[in-house]
Each structure stands twice: as structure tokens, then as C-alpha cells.
Ligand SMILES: C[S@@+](CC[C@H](N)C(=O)[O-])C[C@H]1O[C@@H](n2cnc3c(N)ncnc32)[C@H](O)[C@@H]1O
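Encoded as C-alpha cells, the following chain is the form predicted alone, with no partner shown.
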Amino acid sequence: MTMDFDKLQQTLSAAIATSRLRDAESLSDKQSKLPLSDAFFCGEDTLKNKRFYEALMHAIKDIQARFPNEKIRVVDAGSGTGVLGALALIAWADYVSFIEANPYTLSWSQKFIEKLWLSDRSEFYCEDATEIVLPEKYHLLISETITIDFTREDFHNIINHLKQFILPEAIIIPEAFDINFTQKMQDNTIVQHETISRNSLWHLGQHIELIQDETQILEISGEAQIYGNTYISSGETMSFFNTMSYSRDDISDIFVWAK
């Protein structure tokens, strides 16, 4: 099958629309952290997928320059519908390993990859990406397991675990972030605004103790550098890195209210 981004996205959207009518059991699955319906929501985000595709095109070109004459191996951690791994394959990666803990979602993605005639360049693992042991080293690691506050999915733990299975000079996508913490009063008067930069975020501990006594609302927004000159800012896409607000009664693993 001749494939480009638009054709792949159309095929994915059609497959999701059909499944929404037939797969009520898997869509409402409560056994896994993220149900198949969440994977569908992310898969239907065309703008987000297109930005990732642009990033993957550039990243794979750079990998080919770094690793001449090698077959490019990609791991897609928390692969959902399989769309990002599929985009890597049509961007000229040679092999993709899809890791997805939800068996309903993984089974669906296998069928989707078969529909694209990409199965011969794909392998699938129904495992936790923070625990899996992979049999080889990879040139590119993709993981979209991110919310703006980094608490609802396992991006940091996944990346830190899977780093042992990537080659020196391998690329991780997304590669960096800027996070804005805006503290407000109930009337939206700003108490404090602070940005956690790209470099320091990778060394983020369990908590950021920056909440002021006067703060009633904490708003978190930011920008993700997918790769190179490809970015996604809060509010641009429907499923990725969107602004979140917390009241003083909310709890997060990455910040604590002042005593």
C-alpha cells in the first residue's frame, strides 16, 4: 500500500469510527490504566499526529546520518492505536517495536498495522513499558505518555527505564519541554509565574515546592519540543500537552502546597 500521512490518518479515522460502533466491551475496559477509548481520542488528533510525523521525518533523516548503513530500529512505548509507530515506518524506519500494556488496545493496533501492510516490519509487546526487557538496542524512542503535569501517565519512568535499550546518539521523541506554573488568587490575580526550563525538567524530582501561601489556583501550561524545530504548545491540539488548572484542594505528584 502506497502511504503518506493523509492516507494513514484517513485509514486510522475510518477504523476508529467502525470500532466505536462494534467494540463497546473493549472501549469501556476498566482493567488497564488507559482504556481503548483514550487511545482512540489521541489517535483522532490529526494536528498532533502531523506534528509528530514532521518530527519523525527529520529525526529519522538525522539517525540515518548518525548510523550509516544500519537498519533503523524504533521503539514506541505506550503505543496506543499504533499511529506514531506507523508514522515512523512510513518515514523510513526499518522496524518498530510497539509496547502497550492494555491488551485490547494492543490487539486493535496489531489489526491496524496489518491493514496498513506494515506487519512484517513490526513487533508487539503487551507489557508495562517501565518494566519490559527488550532484546536489542534502538535508534529512536518515541513515547506520547505525557500530560502537562507529568502525573497522569508514566513518561519519566518509561524514558528512564528504556534508556538502557537505546544506542549512544539515539533520539528520544519528544525531546524537551518548557513548563509554566502560574499561581493565582481566586479572582485570577497572579501571585507568581515560574517556568521550568527544558534542561531542568529532565532532572525533576518528586515535588516542586513553589506554591505560595496566597495561591488558590495553580495553572500549568507549556510547550513540548517534539524534535528539532517542531513544537506543540498548550491549546494547539486536542489531546496533547493541554493547560490544566488545580484548586488548593487538588493533589499532584510534582508539586506541593506551601504549609
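This structure is a prediction, so every number in the text was calculated from the model and none was measured. Position 1 is the first residue in the sequence shown; the rest follow in order.
Here the subject shifts to the form predicted in complex with the ligand, a form of this protein not shown in this document.
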Contact assignment for the ligand in the predicted bound form, among 101, 171, 113, 159, heavy atom within 4.5 Å: 101
Options 219 to 227, 187 to 195, 39 to 47, 61 to 69; stretch whose heavy atom lies within 4.5 Å of the ligand in the predicted bound form: 39 to 47
Exercise: residue 119 in contact with the ligand in the predicted bound form, heavy atom 4.5 Å: no
The ligand contact at residue 96 in the predicted bound form, heavy atom, 4.5 Å: no
Residue contact check: residue 149 to the ligand in the predicted bound form, 4.5 Å heavy atom: no
Heavy atom of residue 178 within 4.5 Å of the ligand in the predicted bound form: no
Residues within 4.5 Å of the ligand in the predicted bound form, restricted to 133 to 172 and counted by heavy atom: 144, 145, 153, 154, 158
